[in-house]
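What follows are structure tokens for two forms of the same protein chain, given separately as structure 1 and structure 2.
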Structure 1
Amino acid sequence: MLRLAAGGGAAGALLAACGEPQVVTVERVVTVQVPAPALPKGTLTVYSGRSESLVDPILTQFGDISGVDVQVKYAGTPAMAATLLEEGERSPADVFYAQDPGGLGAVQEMLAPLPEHILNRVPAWARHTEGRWVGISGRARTVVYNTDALSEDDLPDDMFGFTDPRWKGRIGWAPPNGSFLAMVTGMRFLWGEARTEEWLTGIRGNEPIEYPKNTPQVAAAAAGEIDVGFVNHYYLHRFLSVEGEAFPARNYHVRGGGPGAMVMVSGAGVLSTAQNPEAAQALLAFLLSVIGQRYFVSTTFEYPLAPEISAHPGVTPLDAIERPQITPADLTDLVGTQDLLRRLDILP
């Protein structure tokens, strides 16, 4: 077998991620170095609906390795999707990196089909059915709770239990957050509009404290400002990595399953109007490479989507969560969810 290698180290990993393995079979076994395909060049503009604190280090690493000038614009996923729709074909964006499938679904007609070597890095459930975007990492919805005030036995079997009046004044939530919107979209799919509206009305009647995003909810739960918050799983683990096991908050994956136990993907796509599509595809390949996936496991504590990478040992295994039967395609009606929340005066 004659095996063609593109080099080693981080640059080699990026090159390997950017294209198909180069292997030719002949009568004898020998390994030789051959010229590698050129690294992408130029400027890459990324519209990120993921927070800067979570993804800036890995985007910076891609720029350092590749030499591409990576320019990132940060905002919430719903706001970034709205910006893309407003800009249309005039958008300077090459890549849209979204917190959830809802944001990607809102702009999917603006995204170009991705090559199979990128799409095939993840399972079928974690990518767009027509290949317009690909999942980068997995995130589980969960309930963070104050361990000084509660144990898991004190928590209801499913999310509807939090509409009980005994939770009045004890709940935190973040209605503008993309992951919260995705969860409500999942409720609409699994429960229907009427029961979802009943849940939202019941929670609002319990006078929840509103937060702008997930991180302050976890901090508030630990401080006793709230007893429970509706968040994604990995925020707690970021606190635990700094504060240690004495940090007085933990995650509860609702034992009865349903939309409160959803596992969602963050994902990214390349704009059909991208000025630098080669660098855009190289970025997605890099995020799904061993380097990228290990970053999400070890630094952000998210679930890897590449099959050869294991989740962080401190994170609840996916097979221990009573996940509902729901796909990313079922979470794309972001507009319908926002309309419902506005009608109930939960969003402005």
Structure 2
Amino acid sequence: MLRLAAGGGAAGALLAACGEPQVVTVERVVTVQVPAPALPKGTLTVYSGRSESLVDPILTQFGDISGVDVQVKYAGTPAMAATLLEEGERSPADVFYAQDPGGLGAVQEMLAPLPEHILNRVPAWARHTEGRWVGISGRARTVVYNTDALSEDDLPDDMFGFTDPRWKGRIGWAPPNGSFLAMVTGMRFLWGEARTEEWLTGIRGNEPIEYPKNTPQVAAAAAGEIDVGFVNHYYLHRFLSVEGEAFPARNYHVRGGGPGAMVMVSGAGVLSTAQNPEAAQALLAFLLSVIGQRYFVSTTFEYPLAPEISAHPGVTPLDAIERPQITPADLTDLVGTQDLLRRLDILP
């Protein structure tokens, strides 16, 4: 047994990345299986489609305790994916950390298969079917609603309920957003083309207000600009933490399940051209360690994917969400989704 102080706790988790298992007690709080050393060295270049304010603290922590010089380039996931595709084999990146599976899917040919000990940290639905990327944290599709105008009982059992004309002018959505597109791809898989088209046409008929992304929708729901918005779950909690419990918006996870209750991941992969694959894998393992997963739970309000960690107490537990059986392999046809949305004139 090894006793570790606060900073050392993280090191213990990092060691979990590689080598033989030992048992380490981290700050008398958690006990984890910790394999032994071979600490990575050198410089690690990370392309992050997740924003600096969200992930910089945890990436810096990895650098601090491992001694790896972590260099991060931040931009939106689409911009980062386009950059990687232009760079091709000459990319200086070691790791691509994307906001959504779509971004990882776009560059999957450039990613190297990951070792089992990393992939097995997360359930099968949260990683690439061929093991080229792994989910780091989970986010649920949800409906944010204004609590002054509505209570949860007023909300329909599933996403189809929102095609009812009584929702006319009350809905917000963000069609270009990666998570929205993933949901539509999920709809096409679970419901088929015809029913998805019917849903999209129905919602469009209700004249939804279009937002460029999720954050302004949550603000708009609280402001009463819209009554409901189709978003990811964690933006609300960020607002709640700043504005307090009086913030007049809450999440509703559709009780009837289906694609409206999908849980997706943000994830990462290692480039097959990586200069420092050891450090790259160590970073992924660290993000999936107790320390890494706890960070996401407490800071970004996302769902942990590693089994021994539970979600933030303020967030609806994953077990309480009627999420559909769907894997990343079912969500790869983004082009089909784009074509459908273009045909229906929902995307330019």
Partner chain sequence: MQLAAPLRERRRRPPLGLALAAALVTALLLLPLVYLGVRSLESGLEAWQSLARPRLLAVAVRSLTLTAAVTAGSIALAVPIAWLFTRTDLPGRRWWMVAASLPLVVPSYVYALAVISALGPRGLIQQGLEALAGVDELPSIYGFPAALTSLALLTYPYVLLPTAAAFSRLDPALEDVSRTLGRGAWRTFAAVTLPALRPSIAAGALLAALYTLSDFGAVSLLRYETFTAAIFVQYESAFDRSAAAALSLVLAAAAVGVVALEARTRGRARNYQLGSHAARTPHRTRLGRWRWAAMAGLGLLVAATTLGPGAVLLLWLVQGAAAGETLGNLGAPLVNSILIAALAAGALLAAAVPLGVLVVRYPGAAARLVERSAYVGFALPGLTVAIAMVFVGVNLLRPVYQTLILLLLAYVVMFLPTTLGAVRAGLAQVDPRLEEAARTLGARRRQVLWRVTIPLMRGSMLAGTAMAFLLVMKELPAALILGPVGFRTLATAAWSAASEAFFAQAAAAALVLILVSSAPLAFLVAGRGGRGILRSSD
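The term rigid core refers to the most C-alpha atoms you can superpose between the two forms while keeping them within 1.5 Å. This is a predicted model, so every value here is computed, not measured. Quick note, the numbers are simply positions in structure 1, starting from 1.
Participant: Is the form predicted in complex with the partner chain shown as structure 1 or as structure 2?
Facilitator: Of the two forms shown, it is structure 2 that corresponds to the form predicted in complex with the partner chain, while structure 1 does not.
Participant: I'd like to check whether residue 229 and residue 347 move within the same rigid part between structure 1 and structure 2.
Facilitator: Residue 229 shares its rigid part with residue 347.
Participant: Any idea how many degrees the smaller rigid part twists against the larger between structure 1 and structure 2?
Facilitator: About the larger part, the smaller one turns by 16 degrees.
Participant: Would you look up how far the C-alpha of residue 67 moves between structure 1 and structure 2 when the rigid core is overlaid, in angstrom?
Facilitator: After core superposition, the C-alpha of residue 67 moves 6.5 Å between structure 1 and structure 2.
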